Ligand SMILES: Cc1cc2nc3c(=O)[nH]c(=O)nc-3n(C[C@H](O)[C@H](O)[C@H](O)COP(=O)(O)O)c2cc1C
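Below sits a lone chain in structure tokens, taken as the form predicted alone.
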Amino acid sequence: MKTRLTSLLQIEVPIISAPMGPNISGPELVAAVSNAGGLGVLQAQMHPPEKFREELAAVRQLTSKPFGVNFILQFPCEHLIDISLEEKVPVLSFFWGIADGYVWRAREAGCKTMLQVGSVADADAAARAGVDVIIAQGFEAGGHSAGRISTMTLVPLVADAIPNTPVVAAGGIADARGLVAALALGADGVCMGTRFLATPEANAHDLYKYKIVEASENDTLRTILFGHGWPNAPHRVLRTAFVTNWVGKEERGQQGRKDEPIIGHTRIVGQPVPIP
């Protein structure tokens, strides 16, 4: 299938795997998506520079196809962007911020740029700044979400507003029907995250994968409850017993107190990280 997106990014199918952090979208998932003809995107946040270089090398050992790296501009990431440009990563993806300062640097290095937005105004500003691909993220999206209206409403508005820039639809898309619908709305491709969460290549806990597969359309909630380190950023989560008990008390999740108990640990590029 050929669209403006596939031609621009030199991929075979107009499908991008959303970066899922801090380490769910590792080299294995990125390479699997790219090898299948889409664009796998590595989540770079919280990677020490030397480990980040190792992750890029691991991706390139697993695939010779184009891939991307994502940066959340809410957090310091200048050093990782510098490494990406040095390594000539094919696509740099940005979220939750203004990417204007990186567009021309990326272009000079031969890299394409993508920015995920949740409004027509932000899409228009990004297109005027020269971003190569705009990801229009609707309210239905999993993880952190900038979108405040539905994907079906947002995508045609963005496509009409920036007709000269490829638009990718994100949020609530999980199969071929969603891709066809997105193309009909004026998009040039789709970005999917949750669809790839339960794959063998994703670095998610097995119990989480099980819960995702078993979840129904009523089992998620958009909240700001888990705001530690990233306050007032809406995110879609599973409606667990914990979440149900704390609905209506989201401000507590914004405090990030120093006395938060440690409830477990995860691993990011092999390094143990406590979960408060």
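Start at 1 with the first residue shown and count on from there. Note that the structure is predicted; figures quoted are calculated from it, not measured.
The same protein has a further form, the form predicted in complex with the ligand, not shown here; the description that follows concerns it.
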- Query: Heavy atom to heavy atom, is residue 15 within 4.5 Å of the ligand in the predicted complex?
  - Reply: no
- Query: So, in the predicted complex, is residue 84 in contact with the ligand at a 4.5 angstroms heavy atom limit?
  - Reply: no
- Should residue 165 be counted as a contact of the ligand in the predicted complex, where contact means heavy atoms within 4.5 Å? no
- Any non-hydrogen atom of residue 143 within 4.5 angstroms of the ligand in the predicted complex: yes
- Between the options 187, 134, 154, 170, which residue brings a heavy atom to within 4.5 Å of the ligand in the predicted complex? 170
- Counting non-hydrogen atoms within 4.5 angstroms of the ligand in the predicted complex, say which of 197, 99, 106, 179 makes the cut. 197
- Counting only heavy atoms and a 4.5 Å cutoff, which of 64 to 72, 49 to 57, 28 to 36, 215 to 223 contacts the ligand in the predicted complex? 64 to 72
- Task: Check, residue by residue, if 8, 90 and 113 all come within 4.5 Å of the ligand in the predicted complex, counting heavy atoms only.
- Result: no
- Query: What residues in 18 to 44 sit within 4.5 Å of the ligand in the predicted complex, counting heavy atoms only?
  - Reply: 18, 19, 20, 21, 24, 43
